[in-house]
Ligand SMILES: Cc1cc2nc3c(=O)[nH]c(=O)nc-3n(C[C@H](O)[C@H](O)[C@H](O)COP(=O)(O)OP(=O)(O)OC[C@H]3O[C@@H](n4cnc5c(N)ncnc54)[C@H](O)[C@@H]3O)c2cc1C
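First, one chain by itself in structure tokens, the form predicted alone.
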């Protein structure tokens, strides 16, 4: 049976899901196509809007006060401040009380697993007790079998950053033994189900191992593995046993906070009636009278057209493979949209490893409706819109703006697609 929707969104990250929800709010029928697992499982789960200016000034106390410092081609300058606020409001509706930060424009400073403090606009409830503006002393707890988080080193880095509290770190054995390459989800499951450890639950056993190291600390931070389905119950039990507030420190991949956020986003898609086609790659497109008429999906060797009146490209940037690079150049692989870049590959980089590398801003050039444009400035297709990391003009890693760009462009592109039919 032919697949026909009003709007098709390609990409299952923050930008794609928000674009799909915004398109659905216009009354359009919407389908989201996603190929691989979302890059959210590699993300911290934090929602950054703008932490630093292009000149590396920061961390910014108020991300909106830094908008004027951004170049004209930056996605924020294209969609405007109202779109950023709309994106945050949409995010707040999706996540409800699972996230904090909606009460203020100000950035929170959230400790990371490396001991840095990251300016962020929204952060999981599980990380709330760890914000660096809180002056209560902190104990960080690492596990000997998890080398990704060196608690003492992270505490030293926080002290060096000048935080207004004493941070200490300790490494202990997790009360249950797992194989050496056990995933973070295995630790979370043991706490979720409170597996038996010598006649008591894992939560109580963990608290007992930490308690001798408390030394008056008012809050205790663990790697982000404190349960999944029962994460609030796990933290509450640990707090009761320890007599201190408990929080999670965002970790690298695989990221449990990222997986939790992915669940919240896809639950919202289900509630909005958005169709989801996952596991098959979009490999091409068809046109009719100068407009995109279908996206071609490779379903086990069969090329299936997914027809729609409007499309949103939200396949990500270089990391997400929404933009591809090779010796021959830089390209957008699905619709072959124009990506401006120097012909000489050596001009994609600068000598300073931490410098402002041109490749970080590669992406499609949108018009004011977020339609990718050709080299002559005209839209590639009247009914194709773009959102998220595939949109060029921003060094989101240096600015700490990736999630904010995804939210703002997702809202605008999705609504534009829905309104265009």
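Worth saying up front: this structure is predicted, and the values here are computed from it rather than measured. Residue numbers count along the first chain shown, from 1.
The same protein has a further form, the form predicted in complex with the named molecule, not shown here; the description that follows concerns it.
*Asks:* Would the site accept the named molecule without a clash, i.e. open, or is it blocked, meaning 3 or more of its atoms lie within 2.4 Å of backbone or C-beta after superposition from the pose in the predicted complex?
*Replies:* After superposition, the named molecule sits free of the main chain and C-betas, so open.
*Asks:* Of these, 394, 33, 370, 30, which has a heavy atom no more than 4.5 Å from the named molecule in the predicted complex?
*Replies:* That would be 33.
*Asks:* Taking the named molecule as it sits in the predicted complex, is residue 117 in contact with it (heavy atom to heavy atom, 4.5 Å or less)?
*Replies:* Judged by the heavy-atom cut-off of 4.5 Å, residue 117 is well away from the named molecule in the predicted complex.
*Asks:* Even though the named molecule is not shown here, does residue 39 get within 4.5 Å of it in the predicted complex, heavy atoms only?
*Replies:* So residue 39 counts as contacting the named molecule.
*Asks:* Contact with the named molecule in the predicted complex for residue 160, defined as at least one heavy atom pair within 4.5 Å: yes or no?
*Replies:* Because no heavy atom of residue 160 falls inside 4.5 Å of the named molecule in the predicted complex, the answer is no.
*Asks:* Counting only non-hydrogen atoms and a 4.5 angstroms cut-off, does residue 144 reach the named molecule in the predicted complex?
*Replies:* Although the named molecule is absent here, residue 144 would stay clear of it in the predicted complex, with no heavy atoms inside 4.5 Å.
*Asks:* Looking at 360-368, 376-384, 63-71, 46-54, which lies within 4.5 angstroms of the named molecule in the predicted complex, counting heavy atoms?
*Replies:* Within 4.5 Å of the partner lies stretch 46-54.
*Asks:* Out of 267-282, which residues reach within 4.5 Å of the named molecule in the predicted complex, heavy atoms considered?
*Replies:* Sequence-ordered list: 280, 281, 282.
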